[in-house]
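In the form predicted on its own, a lone chain appears below as structure tokens.
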Amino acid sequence: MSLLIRQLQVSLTQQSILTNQASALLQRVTSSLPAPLCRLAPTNERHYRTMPTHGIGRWKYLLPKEVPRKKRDKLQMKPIRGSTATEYGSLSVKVSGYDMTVVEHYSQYIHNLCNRLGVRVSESYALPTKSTEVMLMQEQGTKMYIDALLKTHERIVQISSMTATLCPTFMDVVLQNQPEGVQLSVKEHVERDFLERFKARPQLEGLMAQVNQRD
């Protein structure tokens, strides 16, 4: 009977040793494993913000930040360059016609020609379009009606530092390539040419004159 009790005690001790070893091994294995991706937490905490999928479905943060636009300064007239003994001053090459496409291409041709010849182009701009009404009178009667509306398109290429020896060659090339229906004029640039770039507003000018008179 005592032998049986001793054997039972030995088996219990061995079983307790095995359980202690198994628990120690399990503890080592669990400590070496990575942390779980999601843990139980209170409902007011959002752990998904640290995940790589955070932000999917949103696009506003992908757009570049808008830079506030600067207020454009009022257009100022550039100083007019005077002529010398060997060079012309500021010149305005004016191209006008009824076909806007032809006028635009011809002004671009003059601009490119100046670049190739080494002539400085100060500015290249368009003038306000002018409209002309063609009136016809009836065969019987004195009443007139509008038969056609002609629109004149104008482009200005302002150049400077044109030498006296290069000017005849430049004019020959420009005149030889002048398309039909397009008028060309070259003159000295003055302050009045700068003011023609802006549309006239007689109503606003009249109101401003009345305000100035009251003051």
Partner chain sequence: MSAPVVKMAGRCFYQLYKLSNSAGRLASGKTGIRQFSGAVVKNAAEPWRLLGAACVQRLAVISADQRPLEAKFSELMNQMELERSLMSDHELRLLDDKERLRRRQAVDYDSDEEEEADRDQDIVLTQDLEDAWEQRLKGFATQPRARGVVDARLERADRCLAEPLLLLTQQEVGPERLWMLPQTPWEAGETLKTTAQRALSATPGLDLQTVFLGNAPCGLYKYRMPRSVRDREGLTGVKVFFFKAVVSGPLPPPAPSSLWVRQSELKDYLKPSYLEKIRPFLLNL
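What you are looking at is a predicted structure, and each value in this text was computed from that prediction instead of being measured. Numbering follows the first chain given and starts at 1.
Although not depicted, the form predicted in complex with the partner chain is the subject of the following passage.
At a distance of at most 4.5 angstroms from the partner chain in the predicted complex, none of the three residues E104, Q108 and T129 contributes a non-hydrogen atom. Shown alone, this chain has one stretch from 184-192, 166-174, 63-71, 152-160 that lies within 4.5 Å of the partner chain in the predicted complex by heavy atoms: 166-174. Scanning 79-95 for heavy atoms within 4.5 Å of the partner chain in the predicted complex gives just one residue, Y88.
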